[in-house]
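What follows is a single chain, given as structure tokens, in the form predicted alone.
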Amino acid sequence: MTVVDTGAPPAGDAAPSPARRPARRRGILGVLGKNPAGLLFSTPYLAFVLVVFAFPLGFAVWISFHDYFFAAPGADVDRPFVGLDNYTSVLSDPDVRRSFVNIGIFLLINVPLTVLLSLVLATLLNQVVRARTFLRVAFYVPYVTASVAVVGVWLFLFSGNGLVNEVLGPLAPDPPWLINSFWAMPSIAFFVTWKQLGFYILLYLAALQNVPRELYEAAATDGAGRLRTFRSVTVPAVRPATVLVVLLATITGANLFTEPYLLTGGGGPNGASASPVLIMYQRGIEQGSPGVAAAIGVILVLLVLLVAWLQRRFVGGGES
């Protein structure tokens, strides 16, 4: 008898369903996304964010609701839950309230000045042909220089017998800048603006490289001058970079610590230049009240998120 091979599987063996494997693939892809390799490569950074940012923030929130204090490693100590007592203590502390007012003054000076100067200087540098690299490096050097090294120069410039007072003569403030309750925080804002300007200039330079040359040619054809071209072409074209600069300057300014600690001896005179982060250090480390310091940090984070959301909504044009 001749057996004809029809290619069909034996009756007892069920053929694998071709529809099940794509469905299974779709289920796996639904978990990993359309690019599993991208998820794999981003996992180390996600772990970094969780370990360095998310966990400390959550732990700080926990500390803010407890009577926490530092103890030796392995020591079993009681840290009772105190509810909102730490927040009540923070909000009733005049030094803490003044520090938030100080940082508000700082941001009102630093952020607009940073955006204006960095955009103008980046626009000018973008048009320079000779010595372009030298000028970019010259602006960037203060940013990468340690604040401790630069503070000595500013102390010399703004001291009572400093170069700035010698130039101003009778117009110089008395007492001098850094020990003057009115000028201490603006002086720190000018210092931070100058020091970080190079970084924001590079951000704007990168954004200016993507502005189509045809827009400037069209503006020149319409008879627009340099100022009108800057307002009507450059400023709208680099708006995403402006949103980023405003956001970064706000976050960096809200975490101000090194400059008032070094320039004004820890927030002087009489707390006129104290920042919330500096008060956190004093309360948590020097005075041994980590719960109060954590409450200040939580309030600062919430306020920065609120300000960032408002900036994103109004400066960013309500873009998602």
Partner chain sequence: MQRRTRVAAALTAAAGLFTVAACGGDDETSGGGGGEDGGRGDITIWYSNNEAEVAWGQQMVEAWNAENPDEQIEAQEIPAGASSEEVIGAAITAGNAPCLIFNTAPVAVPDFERQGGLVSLSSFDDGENYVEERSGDIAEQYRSPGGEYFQLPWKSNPVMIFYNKDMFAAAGLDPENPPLGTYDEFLATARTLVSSGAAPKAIWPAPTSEFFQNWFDFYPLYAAETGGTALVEDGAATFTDDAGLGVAEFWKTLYDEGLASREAYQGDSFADAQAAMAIVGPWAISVYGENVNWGAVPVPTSAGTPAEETYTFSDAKNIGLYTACENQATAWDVLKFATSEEQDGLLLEMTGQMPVRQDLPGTYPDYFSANPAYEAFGDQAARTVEVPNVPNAVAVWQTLRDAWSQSVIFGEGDVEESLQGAADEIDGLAGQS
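Residue numbers count along the first chain shown, from 1. Everything numeric in this text was worked out from a predicted model, so none of it was measured.
Below, we turn to the form predicted in complex with the partner chain, even though it does not appear here.
S.K.: Quick one: of Arg79, Arg132, Arg239, Arg97, which gets a non-hydrogen atom within 4.5 angstroms of the partner chain in the model of the complex?
M.R.: That would be Arg79.
S.K.: With the partner chain left out of view, which of Leu171, Ala75, Ala146, Leu227 would have a heavy atom within 4.5 Å of it in the model of the complex?
M.R.: Going through each option in turn, the one that passes is Ala75.
S.K.: The chain here is shown without the partner chain. Which stretch in 119 to 127, 213 to 221, 227 to 235, 155 to 163 comes within 4.5 angstroms of it in the model of the complex, by heavy atom distance?
M.R.: In the other structure, the partner sits against 155 to 163.
S.K.: Given the partner chain in the model of the complex, answer whether the residues Val115, Pro186 and Gly198 all have a heavy atom inside 4.5 Å of it.
M.R.: Looking in the model of the complex, the three residues Val115, Pro186 and Gly198 all stay beyond 4.5 Å of the partner chain (heavy atoms).
S.K.: Taking heavy atoms and a 4.5 Å cut-off, does Ser92 contact the partner chain in the model of the complex?
M.R.: No, no contact at 4.5 Å.
S.K.: Is it the case that Ala37, even though its partner is missing from this view, gets within 4.5 Å of the partner chain in the model of the complex, heavy atoms only?
M.R.: Because no heavy atom of Ala37 falls inside 4.5 Å of the partner chain in the model of the complex, the answer is no.
S.K.: Is it the case that Pro142, even though its partner is missing from this view, gets within 4.5 Å of the partner chain in the model of the complex, heavy atoms only?
M.R.: Judged by the heavy-atom cut-off of 4.5 Å, Pro142 is well away from the partner chain in the model of the complex.
S.K.: With a cut-off of 4.5 Å between heavy atoms, is Gly104 one of the residues that contacts the partner chain in the model of the complex?
M.R.: Looking in the model of the complex, residue contacts with the partner chain do not include Gly104, since no heavy atom lies within 4.5 Å.
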